[in-house]
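Starting off, we have a lone chain in the form predicted on its own, written out as structure tokens.
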Amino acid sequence: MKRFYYITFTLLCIAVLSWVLPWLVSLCFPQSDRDPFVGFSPVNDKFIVSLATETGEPGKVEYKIWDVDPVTGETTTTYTTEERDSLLPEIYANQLASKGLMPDSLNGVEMTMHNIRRNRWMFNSQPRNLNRTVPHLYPLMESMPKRFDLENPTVALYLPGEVQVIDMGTNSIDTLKTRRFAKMFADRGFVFPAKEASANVTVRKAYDNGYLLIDANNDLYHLKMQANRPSMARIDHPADITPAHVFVLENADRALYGIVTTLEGRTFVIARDDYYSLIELPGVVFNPETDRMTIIKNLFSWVIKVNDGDKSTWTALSSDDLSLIGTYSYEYPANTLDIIEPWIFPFTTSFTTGNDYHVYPRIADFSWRAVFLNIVLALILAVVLKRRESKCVWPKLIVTVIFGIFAFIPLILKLK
């Protein structure tokens, strides 16, 4: 029984230390890498990269700014912050306007603040917004309110295996709306259960685009409630793609219904036309379950940033026809922690991650480089065990070679 408790204590120490020690080491080597800001200039048709660096004074940074040719990838010129502002007039419009430096027109396009704001929007996607458990209950807004302003939803769709419309005030089924919506779903050929439903349920927007849905057959649908009645359309898509995730867009320019990503790694936007045309974003490789995406759209271009954890890639597309202009990639330099940690720890344990909201043990970052330290620790342990004439020497050494410092600490402290 004593041996059982000893083994249990050692395994528990290994589990706890594999979580605590990497965290303590990370505190000793804080990561200060900054993400560069990348825009595409309509003035010289190049990427403009701004990287902030520490100056040594608290709260103060200095910027290193350079351009990148989208075709050759070469850098030709560095800039000051004032020169950068003029090269990116849509992004720094307020700064330029305050100094009287805003051009009246650019490339034949009027550069008024109204025109810039109407054609400028941003979209952001993070893995943790998808990697979570959500109920099959979807608040349904009225897309054609009686008054001008949007109103908070009063009913919700429940889609476990059939259509149910729930009155949120009484928490009961609205029989009339349920019949209407059930008939609409059946007429459009929707197959239950719904795999995904995306909407932006808030009154802090100019209009409501309703829901984008993916059914059990991986078909796309657009659903809205107008004048308390359902409006639903089936969205045709190419046969060689399988929709995986959808994102509703409700931007000021009203040009799009949303974004669709596929299992094949392709990304499309749904045009706001009578045919729900799917337009592919060329050069964009994006998995919303693991990658972060930011889209900055303006009068002349889309700049799409995809971060996979190790590097960021910016893709510039023309706002006219979404044709590919060029790409720019930035790999994050290895810091001291990234260099040291693989030589110390054979693996690490964590309970949370930036990719989801779940809390459970996660074992990752396996490293063969740590075996050298593990062997050294096993030799030290062997010498100490021999001097103290301990029992079960070989099992302890094998455990130390496998688990390294996580096993060495409890074993050296529990010598008999």
Partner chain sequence: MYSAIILKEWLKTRRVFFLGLILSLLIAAYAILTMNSVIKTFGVVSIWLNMLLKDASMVDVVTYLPLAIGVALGVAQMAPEMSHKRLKLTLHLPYPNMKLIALMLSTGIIEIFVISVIQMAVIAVYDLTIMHPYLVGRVMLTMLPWYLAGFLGYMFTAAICLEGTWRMRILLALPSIAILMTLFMQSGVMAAYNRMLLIIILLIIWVAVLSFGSIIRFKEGLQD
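Numbering follows the first chain given and starts at 1. Just so it is clear, the model here is predicted, and its values are computed rather than measured.
In what follows, reference is made to the form predicted together with its partner chain, a form of this protein that is not presented.
Engineer: Taking 4.5 Å between heavy atoms as the contact cutoff, choose which of Val16, Val393, Ile402, Ile405 touches its partner chain in the predicted complex.
Structural biologist: Selected option: Val16.
Engineer: Using a 4.5 Å heavy atom cut-off, which residue among Thr242, Thr72, Thr133, Asn124 comes into contact with its partner chain in the predicted complex?
Structural biologist: Answer to the contact question: Thr133.
Engineer: Any chance Asn115, Gly309 and Val371 all have a heavy atom within 4.5 Å of its partner chain in the predicted complex?
Structural biologist: Checked in the predicted complex: no contact with its partner chain for any of the three.
Engineer: Is Leu12 close enough to touch its partner chain in the predicted complex, meaning at least one heavy atom pair within 4.5 Å?
Structural biologist: Flag for Leu12 set to yes.
Engineer: Contact with its partner chain in the predicted complex for Phe366, defined as at least one heavy atom pair within 4.5 Å: yes or no?
Structural biologist: Phe366: no contact with its partner chain in the predicted complex.
Engineer: Tell me, yes or no, whether Thr53 is in contact with its partner chain in the predicted complex, where a contact means a heavy atom of each within 4.5 Å.
Structural biologist: No - in the predicted complex, heavy atoms of Thr53 and its partner chain never come within 4.5 Å of each other.
Engineer: Check whether Tyr158 has any heavy atom within 4.5 Å of a heavy atom of its partner chain in the predicted complex, and answer yes or no.
Structural biologist: It does: once its partner chain is placed as it appears in the predicted complex, Tyr158 has a heavy atom within 4.5 Å of it.
Engineer: Its partner chain isn't shown here, but in the predicted complex, which of 290-298, 174-182, 145-153, 213-221 has heavy atoms within 4.5 Å of it?
Structural biologist: Of the options, only 145-153 has residues within 4.5 Å of the partner.
Engineer: Are there residues in 137-152 with a heavy atom within 4.5 Å of its partner chain in the predicted complex, and which are they, in order?
Structural biologist: Contacts from 137-152: Leu137, Pro139, Asn152.
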